[in-house]
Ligand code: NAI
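As a starting point, one isolated chain is supplied in structure tokens, in the form predicted on its own.
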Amino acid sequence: MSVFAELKLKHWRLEQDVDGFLFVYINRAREAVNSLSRAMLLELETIIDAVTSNPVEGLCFISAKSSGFIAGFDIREFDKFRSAADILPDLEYANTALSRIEKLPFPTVAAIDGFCMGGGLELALACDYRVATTNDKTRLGLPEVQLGLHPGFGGTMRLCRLIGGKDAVPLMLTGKGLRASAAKRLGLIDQVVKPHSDLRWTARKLMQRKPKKHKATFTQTLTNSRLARPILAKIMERATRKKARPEHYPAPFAIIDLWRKHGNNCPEMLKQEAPSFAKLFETEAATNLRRVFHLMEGLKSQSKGAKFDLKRVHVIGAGIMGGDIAAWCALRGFEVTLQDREQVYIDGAVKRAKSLFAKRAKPSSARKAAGLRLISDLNGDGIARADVVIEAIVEDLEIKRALYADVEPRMKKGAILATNTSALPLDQLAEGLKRPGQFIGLHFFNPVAALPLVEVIAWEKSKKSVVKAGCKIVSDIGKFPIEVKSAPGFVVNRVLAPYLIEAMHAHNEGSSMDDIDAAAEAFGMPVGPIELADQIGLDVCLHVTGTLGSDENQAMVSKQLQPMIDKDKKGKKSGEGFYVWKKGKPVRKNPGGDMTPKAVESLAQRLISPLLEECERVMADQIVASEDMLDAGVIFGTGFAPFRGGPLHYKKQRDQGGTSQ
């Protein structure tokens, strides 16, 4: 029996062929997905000890799971650490293991199919060669910045050394996952193979041939030089500040700083990476972003156990929302029929869809396939075949009811009828339905392609299985579902309304639009409430606040918005609202505002407090199942500052004096 077969391992499986090539299969026990854990790293040390003292011609890391290579380090294990001092030993342990792999005297290969992210890519970077499939699910990246961190297992140094800082640092700043072909162009991957090729055989041939290991090109190496780094780092920092503030998100600036100081000194960069990671780990941003990750996983879990096979979608209403919902579903691989009262509206939606496909679908064959899945359907012939019919027409109770009376009899047994209403109660919409249990809300947000949340709205007669199926539909199309009870405004619009109304009060009392938006952005909102109102559409804002606001607030909002709407100043979609919009962006005269820091903080708290209070009322009304669900919904539905961990979490911390205001 081979010495490797005698090793007692839970998370790795070793096979050595007759020529001495050792294949190390990654197979984390009792998990559907491979993610690195301390237990796995301990066993990895055992494997390295064995290969250094026994004959081996080459070593290949390959996944035993079809779900992917390695998703990264197990985020759950971070929860046991309380300080930088706690986590440093584990970082050093992992770094020692990967450095030992890097120094092995025989060829090493990472054979990648599916995701290879975070710690998984750091393991692959420690190997001599990397081969990856062109499987559509194959992605390579270092997404630690999304958790308020940067790579901690030597990834910062090895990536910069391999492809140069100019290409490596932006990958870490965005956390973007690369397809195999794009990774190959950068030099991150040595060889790509087709999805159904023999990945193991390709890796074996690499170990057998022992080609020269990839090195950064002259130009890539030059970007790591002492002269180039300060210049490039300054450019990167300036670009990053346009997207994030260092006081809110310190991680991207730490990445730039680490490379700027040590980018041409690999040993020193490796040495400084772990303490920099540990320092970030202690920040409030990293703690809260890890919380957001868990909230996201909670949203995903709502679809578990649902039995619903989605194949065909029929969308009624080819306006901005309906057309974009249809395009998104087609992009995600489903057959979609799109209906409206006139062909011209459908044609406009199809034209917009082509723009989406051009941005999101690669290669060109994927764009063509997505286009073929989106079918113009003026007469509604697709209703009879659809698994779900999504209504996205004008927000008028009687018009919607009349549509349902025509559509419901044409739907197949078991199909779901869903409304994209933003505020109308489902019990009123459902009057006259023959199968009320099959009726739910699927409330998407604009822009559909950018906002990940969809509210799955249940009412008193919705079947539990249908609501669960609604969550699965949302998950199947790549969005996050949140189950909510039918009530005016549901969750997202309900908590946004008082925030927008307060902004209009502040504007009426003399605060400039720029100051209002600057204060909200200083708090951490992605855009200020005035700009957000323009993005939503002032006509939609008027409708929502008219449904949700008090009589006094309704009168104030109507007095402010109705004259603008009458002049076709509806916001971004008409080219002018509060702001004039050019090339998709508002023209702001003074984006930073003119206030002192104290005045900025005071205005920010004024704006955000009504939102926080409404969140508490939503919980009191039991619209969502838990505070975590509400925090998740408001983060992913409104963009509420993720680094603050959610509105209710933030309010508790603020009121207890545990967080800066």
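Note that residue numbering begins at 1 and tracks the sequence as displayed. Computed from a predicted structure; not experimentally measured.
Keep in mind that the form predicted in complex with this ligand is not shown, yet the notes after this line are about it.
Contact with this ligand in the model of the complex, defined as a heavy atom within 4.5 Å, holds for exactly one of V454, A392, M157, L561, namely A392. When this ligand is considered in the model of the complex, only one residue from F293, F308, F444, F357 comes within 4.5 Å through any heavy atom, namely F444.
This chain is displayed without this ligand, yet in the model of the complex the stretch 339-347 from 144-152, 189-197, 339-347, 463-471 comes within 4.5 Å of it by heavy atoms. Among heavy atoms of S422, some come within 4.5 Å of this ligand in the model of the complex. Residue contact check for G319: one or more of its heavy atoms lie within 4.5 Å of this ligand in the model of the complex. Shown alone here, A85 lies farther than 4.5 Å from this ligand in the model of the complex, counting heavy atoms only. For the chain shown alone, K166 is not a contact residue for this ligand in the model of the complex, no non-hydrogen atom being within 4.5 angstroms.
Interface residues of 67-85, taken as those with a heavy atom within 4.5 Å of this ligand in the model of the complex (partner not displayed), are absent.
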